[in-house]
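We begin with a single chain expressed as structure tokens, specifically the form predicted alone.
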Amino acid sequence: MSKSRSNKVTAPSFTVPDNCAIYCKDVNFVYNPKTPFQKQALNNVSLTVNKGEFVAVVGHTGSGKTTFVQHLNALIRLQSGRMYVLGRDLGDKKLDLKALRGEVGMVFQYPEYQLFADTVLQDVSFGLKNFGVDKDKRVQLARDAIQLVGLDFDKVKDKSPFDMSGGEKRRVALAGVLAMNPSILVMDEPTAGLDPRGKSEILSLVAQLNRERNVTVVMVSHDMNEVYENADRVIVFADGAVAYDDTPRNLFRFETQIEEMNLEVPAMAQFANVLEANGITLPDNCKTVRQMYDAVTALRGKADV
């Protein structure tokens, strides 16, 4: 494992393209530097994410993925290299953190544990209040966000979030982030602990935001089936570096390499791989059971498969 670079964070002599939401070049990060507990968490990470992409970030525990995504709204400050988010230089010591965090919404694992207010309305509008949004506007934005996550505003606005079900709490927590109208949504294991229906509902909502509102989504997940079905692109971290960066279909063609990294190959990818090994190639956008069924059924009308 290479040692952390000692170069200082400097402003680049170039302009980040308008369509680029996230730009990283040679980013390094070391926990507990110059101590016996020193650990290099990021090792020369270089990547870009375009606006409107749905990107999954995966890797085994300790691979660096969480450290990376926590840089995106400066929860962890840049040590070396270059990182721009929505055109903001994260190496700038005068970086406006409040403005950055208004544009980059962060949904942590089990976000319902961060609920604290007496009512759903107060919780969802808390961030807006901190940004100085007036009361009438706060209520309207909170109403929109609560309804967006599938809850009835009039029924839940005065309820205690602690009296709600686990799935409803998750929705309230997500509404608090969405009320800020972020351009980038960073989600760390957004479906952890939910039943299959709850997982499907949350992922459908995130996909809708990505598709209809062009929200850039960066999702950390251990569930490769979720990754395969929802992401446009998968970035695999290993030992603090980017090991793979590809579309879900291309990535999971490498079954042996993926399994050697202690990652699961999704069931639908395994099925597609078996078909390909037998001379049947389906479109790469066939990711779900329904899509696979429709594609195979269409092929049966043309040939004996």
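From a predicted model like this one, the values you see are computed outputs, not experimental measurements. Residue numbers here begin at 1 and follow the sequence given.
Below, we refer to the form predicted together with a small molecule, which is not included among the displayed structures.
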> Looking at 270, 250, 32, 262, which is the one with a non-hydrogen atom within 4.5 Å of the small molecule in the predicted bound form?
Replying inline: 32
> Any idea which of 48 to 56, 64 to 72, 274 to 282, 253 to 261 reaches within 4.5 Å of the small molecule in the predicted bound form, heavy atoms considered?
Replying inline: 64 to 72
> Does residue 27 reach the small molecule in the predicted bound form, with heavy atoms at most 4.5 Å apart?
Replying inline: no
> in the predicted bound form, does residue 89 have a heavy atom within 4.5 Å of the small molecule?
Replying inline: no
> Does the 4.5 Å heavy atom contact test between residue 101 and the small molecule in the predicted bound form come out positive?
Replying inline: no
>> Is residue 168 near the small molecule? Define near as a heavy atom within 4.5 Å, in the predicted bound form.
In response: no
